[in-house]
Every structure is written in structure tokens, then in C-alpha cells.
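A single chain comes next, written as C-alpha cells; it is the form predicted on its own.
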């Protein structure tokens, strides 16, 4: 069997891992490209034993990077989710974790010239048609991966990559609150449907008979729970302007409970059928935004039912210093730690405006070279 070599880099971005390609190195035809990526990752096979995938959606991801012709962007980023258990490649969502790898990759590949000591990389996110700016440490013109920044879900410390988002509210659903309401009742359960970079349905864990501190494995093993969560998700899809979501990866379903470790709120997130070992970047941004909205499910849950006013919802501890720009740091707890989101939300005369969304991630180049893909993938793509 003849194999074809394709240049790529294996990278960790945030709490995810995958392959990063230059767009020019992949087939232009979508069906062929998808067949090639499935073969590269070893899908469909739950172990992905015959490819580079990691047998879990969080480690079976692909980032496709290209130069941008836009005046406001340096590069463009297309995120593709390769599913381990079925022959499907999805572009229906963004991934803020793999986004953290895009800046370093773009500099390593010469798409963005490195400055000294810091290089801002403006990234157009094609999935959601929105802009992000990642600040990458480049002392002496070289990408730095070691450093003192720590993110929960990743061992050790690494160089910090602050990421600022521009106008991601409603990027998938058309509005921050796609149903037009901060609170709805779907399938008999009170929810908040929100999209600040990722469509998310927020549900109080207690309303599903849970404490919210269950492990991902315990939640996945509860057949009645997963059935109920999926029923709510399917009903929420059309209400969130997402249409029939039966075969889609959105919306995510986030079960909220009072914090157990000093944060603002605790989460368990279906993505949508497996339960995240942490929480996705944009999922965390959407949940944190819900914490700022009076009347949302989140505000009835965080720090108990007697929630503070939105302006008081800050990071660990009761009285952390307010950031100089008036934004708030909200620490979202997840199964393996915390995720800190910096937000500025204004609520005035019934109008909600998100003026700032930012967060901190890290990334690391794990390997670069060529992934070997069986030549049959090209004919499989042509037949799809």
C-alpha cells in the first residue's frame, strides 16, 4: 500500500491536542480533505489505533492555518473535529484550546514575522467568522514554550499566551441570547441558552437531581441522565437558531452547581455526548457570561441561591482587586481545576453588551514532520 506524506505539526493547545496543517498541504476538495484527515487520525475507530488520534474528542482535533488577505488579520484558522467513533469531520464549532496553538505555529512556519520579545498574532477564526489576537512570547525572535504560566488540566508550567476576542457574542447563533430570553423552560427544565463564542445550554445540576460534583465517568454512565440532557439539547437547537442538531456538536450542555473550591461556579459539560474532563475555552466564556446576566440560571446557582449582583461575581476569594479596565475575572470550576475568564458586560435598559472577552492559555509544539496517509484516502474522498 502506497502512502502519501503530508507535512504537519503535532501540538497541544490549551487542554486539547491535535494536528496542525498549512491549508496548502491539504486537498482543496472538502470530501477528499475529510477522507485524508480521517485516515491521518485513524478514524473511525474508538482507539484510533491506526492513526495519530488520541481516542477521545479532545485529542482528535485538527487546525488548518493559512495566510489571511484580511486587513485586520494575519492568519486564518479553521478548526475541524475528527470523531474517533464515526467517519465524520465537523466544522460546526470553534475550538479555543487549539486556537492557542495557532499563533506559535504561524510564527514557526514563517506566516507571521517574530518580534522581540512579544509577537501579537491576529487570527481570523473561520468557523465563527470572528477575530482573536494571541500574544506569543518570542524572545530573540524564537517562540518560547517554557514559562511560569499554569492552566488546570495540563501538567507543569509553560509560556503564557493571552488571547483577546473581538465581538464573539452570537457568532454561531446570531445573538448572545438566541432565544431572546435570559431564561427559558425546555422539556420541563429551566435553562439559559447563550452564545458568547460557543452555543451553550446552562442547566442547574440540582434540577437534574445531581450535586454537580459527579465525575465525567459517573455522568456518562447514567443512561437516564444522558437521555434527558440529549432531549433538552435537541429541543434547544431550533430555538437557538441552530436547526436540527441531531448530528451537530453544538450546543454544549453545561450543568452548573455552586463552587466547591472557591471559584464562582462549578461546571460539568456534555460536548455533547461525552463529558469534558475540563471545559472548552469558548464554553467557559459563555458560562462566565451567563454568570454576569441577571435572571440567568447561572446567577441562581453561583455561590448558592442568594447570588451576588453580577458586578460582584469575581475570581477566587470574596474581594479580589478589580481589573483596571473595569472587567471582572470569573473563575469557572471544572472537573480538573479552574478556568479564568476576563469579561466586561454592560446591562442597560434591557440591552446586554459584552465589551471584552479574554483568557489565558498555553501551548506546546510536540512534534513536527510528516504524517503518512494511505493513498486510498484520495479515492475514498472522491467517492463520498
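Positions refer to the first chain, counted from 1. Remember, predicted model here, so these are calculated numbers, not experimental data.
One more form of this protein should be noted, the form predicted in complex with a small molecule, which is absent from this view; the next part is about it.
Just one of 271 to 279, 201 to 209, 126 to 134, 234 to 242 has residues with a heavy atom within 4.5 Å of the small molecule in the model of the complex, so point it out.
It is the stretch 271 to 279.
Contact with the small molecule in the model of the complex for residue 334, defined as at least one heavy atom pair within 4.5 Å: yes or no?
Contact with the small molecule, no.
Given that the small molecule is not shown alongside this chain, does residue 80 nevertheless sit within 4.5 Å of it in the model of the complex, heavy atom to heavy atom?
So residue 80 does not count as contacting the small molecule.
Closest heavy atom of residue 95 to the small molecule in the model of the complex, within 4.5 Å or not?
It does: once the small molecule is placed as it appears in the model of the complex, residue 95 has a heavy atom within 4.5 Å of it.
is_contact(residue 362, the small molecule) in the model of the complex, heavy atom dist at most 4.5 Å:
Although the small molecule is absent here, residue 362 would stay clear of it in the model of the complex, with no heavy atoms inside 4.5 Å.
Answer option from 358, 52, 58, 26, heavy atom within 4.5 Å of the small molecule in the model of the complex
None of the others qualify; the residue that does is 58.
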